[in-house]
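Form predicted on its own, single chain, as structure tokens, below.
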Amino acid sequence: MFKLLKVSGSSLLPKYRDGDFVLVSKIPYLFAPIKPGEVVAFRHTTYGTLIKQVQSVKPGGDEIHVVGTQEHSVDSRHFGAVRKRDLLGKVIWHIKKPAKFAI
């Protein structure tokens, strides 16, 4: 029902940084459809587990186009739509990596 994932990379900078954690759940999608702007985690056969922002959802909700906020992001512009069955869920909580303390 819930998965805790560590953010790796810079695809969703500046909001999500390398080393942050996100809590992901499918529960929100039991009550409401996937919407553009939401951040989701999914499995991709080539790239593994990815976290991206929903750009658009095909009518019926089975195909989701996702993007990163960076120009170099590997996303639907490279691999096409994500299938709904590959979704791990919606990011419901963002845990930021603690800033280093100055000494």
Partner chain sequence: MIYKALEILDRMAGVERAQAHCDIPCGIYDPITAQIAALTVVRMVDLMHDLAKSHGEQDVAFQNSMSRYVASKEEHAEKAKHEIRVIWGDYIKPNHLEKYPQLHSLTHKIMQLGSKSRQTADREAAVQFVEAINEFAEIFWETKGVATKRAKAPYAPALEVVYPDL
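Positions refer to the first chain, counted from 1. All values reported here derive from a predicted model rather than from experimental measurement.
There is another form of the same protein, the form predicted in complex with its partner chain; it is not shown, and what comes next is about it.
Chemist: Give a yes or no on whether each residue among Leu4, Leu50 and Trp93 has a heavy atom within 4.5 Å of its partner chain in the model of the complex.
Modeler: Each of the three qualifies.
Chemist: Is there any non-hydrogen atom of Ser10 lying within 4.5 Å of its partner chain in the model of the complex?
Modeler: Looking in the model of the complex, residue contacts with its partner chain include Ser10, since a heavy atom lies within 4.5 Å.
Chemist: Just checking whether Gly80 would be counted as a contact of its partner chain in the model of the complex - the rule being heavy atoms within 4.5 angstroms.
Modeler: Output for Gly80 is no: heavy atoms all beyond 4.5 Å of its partner chain.
Chemist: Look up in the model of the complex whether His65 has a non-hydrogen atom within 4.5 angstroms of its partner chain, and give yes or no.
Modeler: Close contact is absent here: in the model of the complex, His65 is far from its partner chain, nothing within 4.5 Å, heavy atoms only.
Chemist: Classify Arg43 as contacting or not contacting its partner chain in the model of the complex by the rule of any non-hydrogen atom within 4.5 angstroms, answering yes or no.
Modeler: Taking the distances in the model of the complex, the answer for Arg43 is yes, it comes within 4.5 Å of its partner chain.
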